[in-house]
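Single chain ahead, by itself, as structure tokens, in the form predicted on its own.
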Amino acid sequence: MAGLKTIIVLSFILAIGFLLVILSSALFKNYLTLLVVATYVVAPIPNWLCGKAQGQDDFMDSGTSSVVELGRFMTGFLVVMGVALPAVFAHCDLIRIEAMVMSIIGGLLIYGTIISFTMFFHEQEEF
């Protein structure tokens, strides 16, 4: 069971991630980097939905189903898009390199915090 210190640390890291993404857009007066926040917030949703759709009631099913694999693929696609989108914007000179770096680091902190929250506060199902 995660305690209060875990919540405080993860909240602090999440705030730093949001601060980096917001500063990457506000300092350079180009708000395209805010799209990274949307991709990292939406990224865990396909994995969560497909995990719920799998059905944990089959005792003999030891392998992963194609629904779970689809959820993992879509989550991976969104995470890679969160890193690649600022890189493409910087390559096309829509944003500056500094904004790209701040946006990527902030986005990875946001996604890592979301995943850490789900890992620390995941309840184990009892039979």
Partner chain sequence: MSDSRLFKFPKPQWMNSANSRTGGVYLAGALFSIALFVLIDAATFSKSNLNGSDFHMNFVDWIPGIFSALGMVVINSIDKTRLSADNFSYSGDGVAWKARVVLFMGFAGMAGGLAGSMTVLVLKYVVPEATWPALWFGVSNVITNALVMLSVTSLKIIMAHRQLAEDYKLKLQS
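Numbering follows the first chain given and starts at 1. Just so we're clear, the structure is a prediction, and the values are computed from it rather than from any experiment.
Absent from the display: the form predicted together with the partner chain. The rest refers to it.
Enquirer: State yes or no: in the model of the complex, is some non-hydrogen atom of Phe77 no more than 4.5 angstroms from a non-hydrogen atom of the partner chain?
Expert: Judged by the heavy-atom cut-off of 4.5 Å, Phe77 is in contact with the partner chain in the model of the complex.
Enquirer: Any chance His91 has a heavy atom within 4.5 Å of the partner chain in the model of the complex?
Expert: Close contact exists here: in the model of the complex, His91 approaches the partner chain to within 4.5 Å, heavy atoms only.
Enquirer: Would Asn30 show up as a contact with the partner chain in the model of the complex if we use heavy atoms at 4.5 Å?
Expert: Contact check for Asn30: no, nothing within 4.5 Å of the partner chain in the model of the complex.
Enquirer: Can you work out whether Ala53 and the partner chain are in contact in the model of the complex, taking contact to mean some heavy atom pair no more than 4.5 Å apart?
Expert: Contact with the partner chain, no.
Enquirer: Heavy atom within 4.5 Å of the partner chain in the model of the complex: which of Leu35, Val41, Met81, Val101?
Expert: Only one listed residue qualifies here, and that residue is Met81.
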